[in-house]
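Here you get one chain, nothing else, as C-alpha cells; it is the form predicted alone.
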C-alpha cells in the first residue's frame, strides 16, 4: 500500500490532532461502505477527544441505521434537510476528511462548499483516478476491498491503536466490518488477503459479525422481496451479447414502496447465470438515470461505465448515470441505449 507509511500516518495524526473542528464527508446516495467508513472515522476521532460531524448530501438508508447510535444524532447533518447549515459546517471546518469518493463532484450539492472550503482536506478512497491535487493528504489505494478496509489499515497503524484492533473500540470496529462486508457483497467480490486479515482481526477483537449480517440482510420489508421477484421475472432482459439489464422506473419503485438501499445487491444476481458477462441496473432518479454495473472477470465494468455511462469505478464493479434529456430522451429509451452501447463495447473492447 504505497500511500500508507510512517510518514503519512504521522501526518494524519498531526492533522487530526491539531484540528479544532472536523467534518467527515462521503459521496451522494451513501451506501454501506460510505456510512461504515464515516461512522468508524467519527468514533475514532471521538475517542481522541474531538467533536467531529458527519455531513451527508442525502439521508443514509434505513438498513444502516443500526450503525448510528442515539448520541450521534446531533452530529450528523444532511444537505437534504439543512442545506445552509451543511454548507457552512464544511466551509467552517479546520479539517475535512473525505471518504469513499475520488473527486468533489461525487458529493453532488456538497461539491461547491468543498471546493470553497479553506480547511485542510484528507482523502481516503479506493476508486480509480483520484483528484489528488484537491487534497493536502491522500490515501488512495485501488487494490483494496473498500474505503472501510483502507481506513482500517490507516487507523490500525496509528499510535493510538498500536496495531491492536481491540483499541479501536466496538462502535468503530462494527462500522468498519459493516462497510467492508457490504462493499465485497459479503466476501463475494473484491476480496484480497488483507481483507481477510482485517476480518480476522476484527472478529478476534470481539466484533459480532452475526449481528451485522442479521441487520444488513434480514431486516428488510416484505415489499423488497416482492420487488426482487418482479425485477428478475418481468423486468430483466438478457441480450445476445450476454448483458443482463433491468430498467427500474419511479412508478415501479413507488408501487413497491422502495426506499433508498432496498435494491442493494440486486445488480449482482444476474451474474449467477452462466452466459451473462455483465449486469446493469438502471434506476430512474429525478433528471438522471442511475447506473450500476457488475461484470465477470475478463469484462471491464469500469471501462464500460467510463465510455458510455458518465462514470467509472473498479474493474468488475462500477457505476454512472445517464442524463435526461441528453444521453436519452426519457426513461423509456434507457433499455435501447443499454443494448446499443453494450453491443458496441463488447464487440469492440480493444478500442475502449
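Positions refer to the first chain, counted from 1. Being a predicted model, the structure only gives us computed values, none of them experimental.
What follows is about the form predicted together with a small molecule, which we do not show.
Between 151-159, 184-192, 100-108, 135-143, the stretch whose residues reach within 4.5 angstroms of the small molecule in the predicted bound form through a non-hydrogen atom is 100-108.
Though the small molecule is absent from this view, in the predicted bound form it lies within 4.5 Å of a heavy atom of just one residue from 322, 64, 54, 318, which is 318. Interface residue remark: residue 314 is counted as part of the site for the small molecule in the predicted bound form, having a heavy atom within 4.5 Å.
By the criterion of a heavy atom within 4.5 Å, residue 292 is counted among the residues contacting the small molecule in the predicted bound form. Using a 4.5 angstroms limit between non-hydrogen atoms, residue 27 touches the small molecule in the predicted bound form. Taking the partner from the other structure, the small molecule in the predicted bound form has a heavy atom within 4.5 Å of a heavy atom of residue 127.
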